[in-house]
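Here you get one chain, nothing else, as structure tokens; it is the form predicted on its own.
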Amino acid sequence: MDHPVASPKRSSAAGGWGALKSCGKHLLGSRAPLSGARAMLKANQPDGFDCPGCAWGDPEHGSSFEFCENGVKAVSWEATDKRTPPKFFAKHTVSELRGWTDYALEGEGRLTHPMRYDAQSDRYVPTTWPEAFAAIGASLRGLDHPDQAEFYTSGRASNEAAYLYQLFARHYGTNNFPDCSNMCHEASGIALQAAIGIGKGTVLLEDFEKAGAIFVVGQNPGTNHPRMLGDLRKAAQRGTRVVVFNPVRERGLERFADPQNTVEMLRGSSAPVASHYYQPRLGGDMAAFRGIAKAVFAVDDAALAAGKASVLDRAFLSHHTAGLAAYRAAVDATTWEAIEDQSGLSRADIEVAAGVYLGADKVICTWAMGVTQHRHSVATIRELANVMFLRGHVGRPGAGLCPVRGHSNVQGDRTVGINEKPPAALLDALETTFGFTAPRKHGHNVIAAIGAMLDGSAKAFIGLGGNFARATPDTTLVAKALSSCELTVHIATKLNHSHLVPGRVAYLLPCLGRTEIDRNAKGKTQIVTVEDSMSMVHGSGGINKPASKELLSEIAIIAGMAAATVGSDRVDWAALTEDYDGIRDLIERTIPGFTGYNVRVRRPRGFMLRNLAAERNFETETGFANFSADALPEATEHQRARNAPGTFVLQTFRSHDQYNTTIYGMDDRYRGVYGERRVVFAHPDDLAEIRALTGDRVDIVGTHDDGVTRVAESFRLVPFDMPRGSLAGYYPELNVLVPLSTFGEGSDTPTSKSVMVRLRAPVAA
């Protein structure tokens, strides 16, 4: 089917009537509008469920209106009355379903029964839970070594499910924990751990109410975490300067109409968000912030020369930091010519941004995947921290570092043990508590797991949620890796493409969703817990009737596999399934910060995990907040592309109608795209230079020199406000172009924001 061409019409502001219409459309379109609406009124309630839409913090975790368009889409997507029962699989072979789009697959609705892949008929067929657990256990026990199994985790899992999952895998004998954070914010964790001693941000939501300036780097809150957009707008209305660094001119960062503001909605008005909007070249954020530092040092030098007070926080620098002299030398050695060339910004613009930084007594720096998915992402985040250290903007109210994660519990999963490089203290605690010998060898992250499956050293893949085959780079290679396994198991709520590349033995296990009631055998309603981006831990309990009587909770599924694999001598898996308080008691005994877990999590807002860096207690090797003296990259992909005529640099991102690999619809109204996803955005002058017209079709061809041919076929060209030489388009469709062999230095995060490509006319069929 030939979809309509992208429309030039864009929303005049984020939010507003467009958001309300979208909410209505998705609630009604779910074919379960009453349950969807009822669920939304219980989102983020003390007695309700945590919204699965994103990991942004909640002001009091108790406002019935503390949800957004993303949350409505996520809840209606889950609360649909559409079902994918066994009779669906009887009608369709796996080979046929591979030709369906992501949107079509998940549009079939909720999975209802445990299914087993039958290779002879190329279909999933019904099975029973006992048969599935027994077969999975037998397959895992039959491997030559536990390190031949990969235990993947999606950030949708609760703290309790994630803890039980890591306990199962470590009891089994492996630290192979590839997880979704490896593909998004791993660079943040690595960089912050080195800089401040903890891989988390240092701010609370309340700090956004006190900041004098907020630097928003490489993120698009309007689409990815809209509730953050509301907090940015409120800050702007209070006079806070919101300084944006983003290559693409995003509507949500320009203006926002609050759907909960009756007067504003009636007047059709909106309010500005960004006071300053800079569009660096892809990969140029480190250079931009190096320029800010250079400008700040220059102002400080001039102040001291004139006999005035230093503009730097000398007390903080003296008592709490290490490495300032080396950093100053690195800044001095970086020329303005290099900064301008790599960032794509002028010295004058950077000096204006530095002036905003200097003019604010409290500054927050917040970033997301536009920063983390480059080769030099760790160095870039270290540079953001460097700049924040200069004036002591860490460890005090209204200031701090704030990586904004996507999945609602990706941070919590890591806190409770989903880590391929576990701290020794965790392993010691597990051994003391459970009496088994925990594996000490570091395990596989996502990149290593894919490589191990490809070379045959890994033979089993267990997926706790997510869509591994579509979320990862090099889609074709990853499908090959999964299909080569002896065993694949997917715990899921809906059908996706990962389920369609089964191993020799394959199971599809349907689980309860976040919005659904989870009762034990005695009828007690269970709650689970999650941790947001501000380290707040709170409870979540579903309110909707389960989509099928056959569904089990993620916890029950993990426990069933564990009991069948390692037995119940050391861990009473069945008892933990019956009462999740028992799991929280174990977390309290083995994970620091969870004292009084079962009591504290039942308070209206839950509780905050202690963050020593926010108290200016830096648990680094030096005992201080560490400056980094990294040089700028010798050349970013953008700079390299200029030496290869016809080469562009591509970034992948979300449309407004998706959440990670889940596609809610075919529109992206903030960018003026309707009814289609196979589009590629480019600067109008670049289109003119290659003599292309809006709506022309092109193939996008990867240029990475590793002998692998990578082509994304037949994408429409859409002009957009972005730096020349840049392209942008949606994942997962464009993940086929992201090379598995290029990843972040020190983080192994895919370089999805800096892919070198060429455009060509579509090859005739």
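Residue positions are given as counts along the sequence shown, with the first one as 1. None of the values given here were measured: they were computed from a predicted structure.
Keep in mind that the form predicted together with a small molecule is not shown, yet the notes after this line are about it.
With the partner omitted from this view, the residue of G465, G212, G672, G503 that lies near the small molecule in the predicted bound form is G465 [heavy atom within 4.5 Å].
Listed residues R584, R156, R251, R233 were compared with the small molecule in the predicted bound form; R156 is the one with a heavy atom within 4.5 Å. In summary, the region of this chain contacting the small molecule in the predicted bound form, judged by heavy atoms within 4.5 Å and restricted to 319-327, 657-665, 605-613, 412-420, corresponds to 657-665. Each of E106, C184 and F653 places at least one heavy atom within 4.5 Å of the small molecule in the predicted bound form. Although the partner is absent here, N735 is a contact residue: one of its heavy atoms lies within 4.5 angstroms of the small molecule in the predicted bound form.
Residue contact check for S747: none of its heavy atoms lie within 4.5 Å of the small molecule in the predicted bound form. Contact check for T647: every heavy atom lies farther than 4.5 Å from the small molecule in the predicted bound form. The small molecule in the predicted bound form comes within 4.5 Å of a heavy atom belonging to E554.
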